[in-house]
Each structure stands twice: as structure tokens, then as C-alpha cells.
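Listed next as C-alpha cells is one chain, alone, in the form predicted on its own.
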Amino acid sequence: MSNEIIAGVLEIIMNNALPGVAQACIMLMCAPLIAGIINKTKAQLNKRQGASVFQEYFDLIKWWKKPTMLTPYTSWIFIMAPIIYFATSFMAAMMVPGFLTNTVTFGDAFVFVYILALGRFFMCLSSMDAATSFGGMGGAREIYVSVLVEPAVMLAVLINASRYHTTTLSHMVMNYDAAYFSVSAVLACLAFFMVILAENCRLPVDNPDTHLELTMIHEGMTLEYSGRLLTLIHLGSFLKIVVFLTLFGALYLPFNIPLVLKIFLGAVVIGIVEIINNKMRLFKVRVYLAAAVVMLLVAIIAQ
């Protein structure tokens, strides 16, 4: 009996965990490239040459080689938060339906949402643990945005859950044999793209390139970090963008083209959106996300 249990556990690991880990590693290696494509698109539209699309790899190596500076006034939370943030992004990458995990059964949509929320929670804790004015302000703003983002993400999940009668992400992949280019699909696609920008702290919700502390949200939480801890934060952020673009391409983008092309197309569109928009004032973020929620509600009704 025990041998059968061990064999069953090993079979689950071989069929689910190992393909998920392999996919997450592939996405991790490509994540800085996607960030570089976004930056290159913005530079080209600004009529600048811009840095290479591989610049983020060089920046990660530079940050990794620098020493990690710690003050005696921070607790273990300050050290563990970047590790947890990166780990949650890696686990989310294991769960999304993509290149190697179309048949996994552990990728539940609700678990996916709250795994990412766990990483955000610890980053907010670390910003307050450092006891700096700008870090605490960035953490408070991140909580404010997350309270508005999570209902929109859950509504986007419910659209697919009601359509496919499951909460497993790999079973929610858009069925191109059916009528996929519908009003519900288009509204859900547009709303989820708006959620991607808010969830990943991109314009118009946040400006990832700003150096003005008073306007920072996510970057404000990282001001006290350096060295390898800072590398883990940026790598987790890059990976999170790829995770959401993969989810966007597999579940919401109603075009029957290869997933890789959808991810690159999403990165280019993010660059275009960031060029034509300015950062909105913080109190207008709720209007922006309310619009996404209304579009998702209409998509549910239209479905």
C-alpha cells in the first residue's frame, strides 16, 4: 500500500511539478528580455535609440555583484520579503497555462491570485519595517491599489470559471474552435489588460521609471534595498509581467496566434500605452479600476 502511495506521489510530481518548474525557469530567463522590449519600444516611439533589449540582464548582474546594505533597525521581514516576493512570482509562473503546463491540475485560479497577494503583502510589510517616510508612503499606496485591483482580477477569473465550469487555469485556455471573438471576450480582454497595467505598477497607474519619491508606488518600497535583495525584487517584478502577459495571451486575447507572439505583442502594446499616457493622480486610480470592473461585469452579462 505504501509503495502505491509513493508511486502516486512521484507520478503527480513528474506530471505536474516538474513541467511547472521547467516552464517557470524558461519564463524567468526570458523575463528581463520582455522588460527590455517594453523599454526599447518606449525609446523608439520617443525617437531615441534607447538601450539594448538585453540591458536588463546587465543591470541584474550589476545589482547582484553589489553589496547588500542592511541597517541594525530592520527585522527579518526586511530580508525575507524580497525572497518571498520572488518565490511567489516563480510559483505563479509554474501555474499559468503556457508552454509546458497545459495539463497541470494544481494551477487553481484563486490560489494564483492570493499567492501573488502574499508577495505584495510582504513587500508592503518590508517598506514599513524600514521605517522611512517614502518607503511607508509607497507601501500604503501599494495597499490602496491592491484593494482595488484584486476585485477586478477575481471578476476576470469568474468570467472564465463560468464559461468553462472550472477554476483550474490550464482548463480555462480560450477555445478557438468556438465563437471566441465575441462581445464578452473583447470586453474581458480590454479589462484584463487594464488590470495588468495596475497589477504590475505600469503607466498610467504608476511610473516604473520615475525618480521622484513623492510619486512612487512600487519603486518607493524598494528605496532601502541594494545588492542581491534588490536583484530579487526586480527579477520578481520582471517575471510577474511575463506571468500576466502569458495569462492574458492564453485566456483573454481573442487571436489564434502562437502564445509567444502574444507575449511579445503584449509587451509592445504596454510600451505604446506608456508613451501615450501620463501617470494619473492617485485618487483617479479608483475610477480607472472601476471602469475595468464595469467592463468585466458587462462581459459576464453578455456571456
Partner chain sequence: MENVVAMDYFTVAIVLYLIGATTLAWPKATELAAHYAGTFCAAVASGLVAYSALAYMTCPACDAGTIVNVKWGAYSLLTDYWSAAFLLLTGTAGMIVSIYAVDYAKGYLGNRLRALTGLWNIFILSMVIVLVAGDAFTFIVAWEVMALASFLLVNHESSKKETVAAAYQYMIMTHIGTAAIMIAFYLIGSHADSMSFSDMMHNTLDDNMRSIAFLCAFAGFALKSGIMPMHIWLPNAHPAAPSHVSALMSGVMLKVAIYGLGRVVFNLLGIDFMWQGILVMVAGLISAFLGVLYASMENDMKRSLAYSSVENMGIIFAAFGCGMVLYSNGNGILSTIGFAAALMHCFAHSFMKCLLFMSAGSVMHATGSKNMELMGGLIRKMPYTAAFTLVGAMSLCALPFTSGLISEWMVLQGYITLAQYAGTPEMRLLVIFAFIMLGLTGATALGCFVRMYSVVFLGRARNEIAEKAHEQHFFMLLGMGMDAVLILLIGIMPDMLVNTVQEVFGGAMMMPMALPLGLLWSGSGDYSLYCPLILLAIFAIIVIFTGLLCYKNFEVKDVTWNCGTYPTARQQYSATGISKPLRRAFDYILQPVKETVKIHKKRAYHGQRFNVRLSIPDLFHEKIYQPLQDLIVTTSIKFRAIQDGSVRLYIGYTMTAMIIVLIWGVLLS
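Residue numbers count along the first chain shown, from 1. For clarity, every value in this text was computed on a predicted model and none was experimentally measured.
Omitted from view is the form predicted in complex with its partner chain, to which the following refers.
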Given that its partner chain is left out here, which of Trp64, Tyr57, Phe255, Phe264 has a heavy atom within 4.5 Å of it in the predicted complex?
-> Trp64
Interface membership of Val173, its partner chain in the predicted complex, 4.5 Å heavy atom rule | no
Interface membership of Ser182, its partner chain in the predicted complex, 4.5 Å heavy atom rule | no
Give a yes or no for Phe86: in the predicted complex, does one of its heavy atoms lie within 4.5 Å of a heavy atom belonging to its partner chain?
-> yes
Does the 4.5 Å heavy atom contact test between Met94 and its partner chain in the predicted complex come out positive?
-> yes
Looking in the predicted complex, is its partner chain within 4.5 angstroms of a heavy atom from every one of Ile37, Leu45 and Asp177?
-> no
Quick one: name the residues from 222 to 236 with any non-hydrogen atom within 4.5 angstroms of its partner chain in the predicted complex.
-> Leu223, Glu224, Arg228, Leu229, Leu232
